[in-house]
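Shown next as structure tokens: one chain only, the form predicted alone.
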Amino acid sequence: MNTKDKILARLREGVQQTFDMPDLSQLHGITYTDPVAQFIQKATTTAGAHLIELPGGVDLNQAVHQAYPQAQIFASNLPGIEVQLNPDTVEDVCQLTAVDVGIVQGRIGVAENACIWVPQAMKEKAICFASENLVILLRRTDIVSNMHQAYALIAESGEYFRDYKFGTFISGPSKTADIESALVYGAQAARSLTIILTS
């Protein structure tokens, strides 16, 4: 018996009363009559993201470059996106630290907290975290009300973990206030997040 098992065994010896787990089968989460409007409100306030609603027929590349006019290196593996770097073809993941704007596809938006499910769809997932700025493309029809619905969709789908065994929820730019009570952007990941909502 290793140390961990010994500690857990001693803790169990001290248990005097046990309780059944609560029934969570009827817990469905909050729902919204207009999940898209709620998502937009949460994303642009609480989450601190920039949001662009892109009508059909508008050039996606133009929208991305207008959002970051000073950027030099754009990176993505999405078809039709004009970039200088493809995260599927880099020889060393450290090359992604020079990326000004990373562009990825979000699959599920969550209205209650503006989180976006981004499954790994490229060889180097570091593009989501090493880019100075991150752009997430999201279809309006992929927005649900709550995390319960989002996790159900992830569990039901067979595509998200087919090629890679990683996915993450992203809700805004990286920020922390742990350092001398000053709010710092980009401490652990992207300094800014732009969500482009498409039809």
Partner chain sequence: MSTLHAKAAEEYLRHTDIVERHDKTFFGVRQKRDNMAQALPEWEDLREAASQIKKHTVSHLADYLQQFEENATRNGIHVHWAADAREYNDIVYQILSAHGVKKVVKSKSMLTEECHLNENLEQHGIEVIETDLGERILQMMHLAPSHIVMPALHVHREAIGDCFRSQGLMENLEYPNMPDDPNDPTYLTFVARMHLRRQFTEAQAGMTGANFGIASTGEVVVCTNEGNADMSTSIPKLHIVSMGIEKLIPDYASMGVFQRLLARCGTGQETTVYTSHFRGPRPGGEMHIVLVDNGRSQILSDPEHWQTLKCMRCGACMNTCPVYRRSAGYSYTYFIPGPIGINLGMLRGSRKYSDNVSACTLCCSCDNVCPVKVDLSTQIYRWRQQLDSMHRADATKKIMSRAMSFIFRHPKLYTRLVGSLHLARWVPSAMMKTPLNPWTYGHEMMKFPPKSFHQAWKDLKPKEDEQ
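Numbering follows the first chain given and starts at 1. The structure displayed is predicted, hence computed values, not measured ones.
Just so you know, the form predicted in complex with the partner chain exists too; it's not on screen, but the next bit is about it.
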With the partner left out of view, is Asn61 within 4.5 angstroms of the partner chain in the model of the complex by any non-hydrogen atom? no
Please run the contact check for Val93 against the partner chain in the model of the complex: heavy atoms, 4.5 angstroms, yes or no? yes
Applying a 4.5 Å heavy atom distance criterion, does Trp117 contact the partner chain in the model of the complex? yes
Can you work out whether Phe169 and the partner chain are in contact in the model of the complex, taking contact to mean some heavy atom pair no more than 4.5 Å apart? yes
From first to last in sequence, which residues of 152-175 have any non-hydrogen atom within 4.5 angstroms of the partner chain in the model of the complex? Ile154, Ala155, Phe161, Tyr164, Lys165, Phe166, Gly167, Thr168, Phe169, Ile170, Ser171, Gly172, Pro173, Ser174, Lys175
